[in-house]
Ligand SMILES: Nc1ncnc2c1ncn2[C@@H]1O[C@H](COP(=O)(O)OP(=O)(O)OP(=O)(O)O)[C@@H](O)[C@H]1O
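This document opens with one chain alone, in structure tokens, the form predicted on its own.
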């Protein structure tokens, strides 16, 4: 990854995105931008459209109208594998490893897919790089373990490892902290901070607002497919519209 390459700002742009599902508009003219190496979190109640945005960015869903630009390139409607090879990787809310493979084999498969020149390298070097990535996400000691035997926390880490193995410039994390213990959440936060230091830009969906506030440069709050607040964690989490969409008109969010 070329960490010092100059990239035009903004790095990722969504322009007036409209998405329709089952003849209903679920994203309504949504627009926002990300800068390089930013950590931006998208929050909102269930059904707000968070995962739909990830699907649009990564090519799993084509918008009814609007554009997605990455590094100035219009990638709207591209196939997911082309978007991945351009430099955008994602994890899924429900981990999707190859359950009959070991954790190491899962990462090797991702390496072979993502790297343009990896096939020209020796088998030893490919496996060495896979082990380096597993160490990065805290799974080095589980390299020979079948993916089906991992805990929920470990499967989420394997999701991140496989995404990182495709050599992305931007990483989209979907509910990375869901179902994790407090200790595992702290480890996940440390991993996210390390990924940013490695040069990645991160877009995150998460329901743990206290965690989100700690790791994010900015927060975008959605409700019914529209942005209701955007700004620093402090600004967004104190916004009455955010409190209302999460908890009801008569409740407020705790810091």
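In this text the structure is predicted, and so the values were computed from the model without any measurement. Positions refer to the first chain, counted from 1.
Keep in mind that the form predicted in complex with this ligand is missing from the display, and what follows is about it.
Listed range touching this ligand, judged in the predicted complex by heavy atoms within 4.5 Å, from 226 to 234, 47 to 55, 190 to 198, 211 to 219 = Going through the listed ranges, the match is 47 to 55.
Using heavy atoms and a 4.5 Å limit, would one call residue 40 a contact residue for this ligand in the predicted complex?
-> No, residue 40 is distant from the partner.
Is there any non-hydrogen atom of residue 93 lying within 4.5 Å of this ligand in the predicted complex?
-> Yes.
Are any of the heavy atoms in residue 207 no more than 4.5 Å from a heavy atom of this ligand in the predicted complex?
-> Yes - in the predicted complex, heavy atoms of residue 207 and this ligand come within 4.5 Å of each other.
Quick one: does residue 167 come within 4.5 Å of this ligand in the predicted complex, counting heavy atoms only?
-> Contact with this ligand, no.
Decide yes or no: are 16, 79 and 84 jointly within 4.5 Å of this ligand in the predicted complex, with each residue judged by its heavy atoms?
-> Checking in the predicted complex: none of 16, 79 and 84 is within 4.5 Å of this ligand.
Even though the chain is shown alone, can you say which residues of 174 to 199 have a heavy atom within 4.5 Å of this ligand in the predicted complex?
-> Residue within 4.5 Å: 175 only.
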